[in-house]
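Given next, in structure tokens, is a single chain: the form predicted alone.
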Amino acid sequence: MTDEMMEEGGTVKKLMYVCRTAPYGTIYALEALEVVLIGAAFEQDVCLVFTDDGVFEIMKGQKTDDIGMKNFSPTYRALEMYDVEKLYVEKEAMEQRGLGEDDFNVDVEVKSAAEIQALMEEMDIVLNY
């Protein structure tokens, strides 16, 4: 990156984070959330896609006391403060898990797998978690 680009705010990349794993049991979901916040802090064009078991990451009413882990799902509501407003849920993954748009703790746009694939092709970087 040149000095001129830095002075003008740098190059803005289109970043897509694809969340595919359940929120607990691995570090992937929390790690993805942290990386999204970092990317947004650097004023990149960030979007999140929740697919497969990743749709559970934003589900309302998560109770983690019995597994001894902190419930980090409320943090997703802070994404809007970082200008991360493009949150997509794969329709097929949502339906296969018996979920609907009202089951999520953040506003999402539901898109088909084909629509998400088309979005991926527009991105500069796609990261899977």
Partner chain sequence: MKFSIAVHEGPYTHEAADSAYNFVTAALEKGHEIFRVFFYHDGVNNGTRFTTPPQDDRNIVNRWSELADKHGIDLVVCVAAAQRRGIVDPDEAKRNSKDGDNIAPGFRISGLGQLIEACIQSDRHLTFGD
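All values derive from a computational prediction rather than experimental measurement. Numbering follows the first chain given and starts at 1.
This protein has a second form, the form predicted together with the partner chain, left out of what is shown; the following refers to that one.
Residues of just one listed stretch (22 to 30, 61 to 69, 75 to 83, 95 to 103) have heavy atoms within 4.5 Å of the partner chain in the predicted complex: 22 to 30. Among residues of the shown chain, residue 52 is not one whose heavy atoms approach the partner chain to within 4.5 Å in the predicted complex. In the predicted complex, at least one heavy atom of residue 11 sits within 4.5 Å of a heavy atom of the partner chain.
Contacts between 84 to 106 and the partner chain, taken as any heavy atom within 4.5 Å in the predicted complex, involve no residue at all.
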